[in-house]
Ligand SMILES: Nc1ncnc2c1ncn2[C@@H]1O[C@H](COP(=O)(O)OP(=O)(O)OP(=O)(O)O)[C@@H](O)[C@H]1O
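Only one chain is given next, in structure tokens, and it is the form predicted on its own.
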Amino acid sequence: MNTRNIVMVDNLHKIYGSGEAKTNALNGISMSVKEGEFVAIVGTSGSGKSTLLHIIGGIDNSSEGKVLIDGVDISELSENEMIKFRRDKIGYIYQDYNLIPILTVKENIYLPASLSGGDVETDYYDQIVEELELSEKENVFPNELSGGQQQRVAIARALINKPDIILADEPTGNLDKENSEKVVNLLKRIKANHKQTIILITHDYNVAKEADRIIRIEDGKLENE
């Protein structure tokens, strides 16, 4: 069994505001995620789960503590280094899809590779498009797709640079039960087929229970690991 920790979070704090307006969004969180693991982080609204995911992904900075991704302390990276590191190592799936409306499905999927100046392996692109059942939608625009289809495009976009880690921010939050189940099953297939590590945040226990492990967070603290 693989025991290498690809994500390590050590004594993470995040403070917003000061004085009476001071809020401890994260309060001393330490955790680790193994390579190839599918972890769900659950908690109520305002529990700190989104803040934690954003800091792991290098989108936000911590007030104290550190995050190591594949052995790299991301707090020590410059802004440009962080952009490149995030592009190469991390794929992000958003609740609201974040697709570019004036780009076709194919152009949206290719976008991370286009921004990095890298080449996409045609066979790999064809594989993920077929796997996500988007082969017949490549030339349409996001507004011509259902919510479930748009989320599958977002998943394909997150995969295109072959990142080591997929961070999924409430990926089923805007979907009905049927499409939520489809998205979760797709993520499980991705883990099996592409060997990615997946960290998903959700408030839906039915989604979380499909992961390998559930981490609960409340009031900026972990209840268990």
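Computed from a predicted structure; not experimentally measured. Start at 1 with the first residue shown and count on from there. Think of the rigid core as the biggest set of C-alphas that the two forms share within 1.5 Å after superposition.
This next part talks about the form predicted in complex with the ligand, which is not shown.
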{"query": "S45: touches the ligand in the predicted bound form, heavy atom cutoff 4.5 angstroms", "finding": "yes"}
{"query": "Non-hydrogen atom contact H13 with the ligand in the predicted bound form at 4.5 angstroms", "finding": "no"}
{"query": "Heavy atom of K49 within 4.5 Å of the ligand in the predicted bound form", "finding": "yes"}
{"query": "4.5 Å heavy atom contact, T23 and the ligand in the predicted bound form", "finding": "yes"}
{"query": "Candidate stretches 64 to 72, 155 to 163, 23 to 31, 180 to 188, one within 4.5 Å of the ligand in the predicted bound form by heavy atom", "finding": "23 to 31"}
{"query": "Non-hydrogen atom within 4.5 angstroms of the ligand in the predicted bound form for each of Q95, E170 and H203", "finding": "yes"}
{"query": "Large Cα move at D96 between this form and the one not shown, threshold 2 Å, rigid core", "finding": "yes"}
